[in-house]
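Listed next as structure tokens is one chain, alone, in the form predicted on its own.
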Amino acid sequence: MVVALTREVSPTIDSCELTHLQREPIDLEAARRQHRLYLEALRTCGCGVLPLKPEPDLPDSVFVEDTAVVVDEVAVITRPGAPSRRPETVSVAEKLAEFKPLAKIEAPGILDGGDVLRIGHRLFVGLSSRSNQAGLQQLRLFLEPYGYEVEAATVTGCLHLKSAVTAIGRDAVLANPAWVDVGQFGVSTVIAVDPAEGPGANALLVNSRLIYPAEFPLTRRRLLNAGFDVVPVPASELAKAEGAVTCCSVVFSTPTSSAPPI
């Protein structure tokens, strides 16, 4: 079955790390309401939810995607590029160890899961302020024995690679061409965001459905017109923390004999 690791919004999220956005107040209760709707969307898509223990003193801890890269054979615990985020990996590793063997990115490598785009057995790593060549090389070392290819990808103007491009099907991506050269991914279908919705390239593919921010209706219309099944969710408050829909979960397949998620 498909499950998702998630974590509730920290009460200290106003102190989150920011790279490309100006800081503005985050409405904590609104963020938590939106996050609950996100969890409902995961369940609507047939995904079980595995909540991690809260981390009230770690402002970015709702963004669990950055803490791990998970494939069928192994879970790679990352070393986030922002030092304040590294303690988040402890509880994630503990939970993932229930399902997968673990590997771990070590210094001098840094790697955020938000910089890792998977398309089939190819994984692209955005070399950003949060992920470096050493992190990429370690990820390659861990995954190549299982038949995965790990390649570098160029990205500009945004926090993570998956701020600029996400996989929305077996051979399809949603992308902002101003931030990333889509030619490097070698896919047959590219849906470009509406020019008025630059941050709208982040969609979460779950069981052939797309969880997508409700704040980008023009791009959502493009996805619908192309035949994609879109589940809209409000995500405006977490966007103030440079978060998006992929950021708030680690989605992976697990044997059906595992303990049932909620």
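On a predicted model such as this, the values are computed, not experimentally measured, just so you know. Position 1 is the first residue in the sequence shown; the rest follow in order.
Form predicted in complex with a small molecule: not shown, discussed below.
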Using 4.5 Å between non-hydrogen atoms, is L159 touching the small molecule in the predicted bound form? yes
Do G126 and the small molecule share at least one heavy atom pair within 4.5 Å in the predicted bound form? no
Using a 4.5 Å heavy atom cut-off, state whether R79 contacts the small molecule in the predicted bound form. no
I'd like to check something about D14: if you look in the predicted bound form, is any of its heavy atoms closer than or equal to 4.5 Å to a heavy atom of the small molecule? no
Is it the case in the predicted bound form that G114, A241 and C247 each bring at least one heavy atom within 4.5 Å of the small molecule? yes
So which stretch, 219 to 227, 32 to 40, 64 to 72, 192 to 200, is the one near the small molecule in the predicted bound form (non-hydrogen atoms, 4.5 Å)? 64 to 72
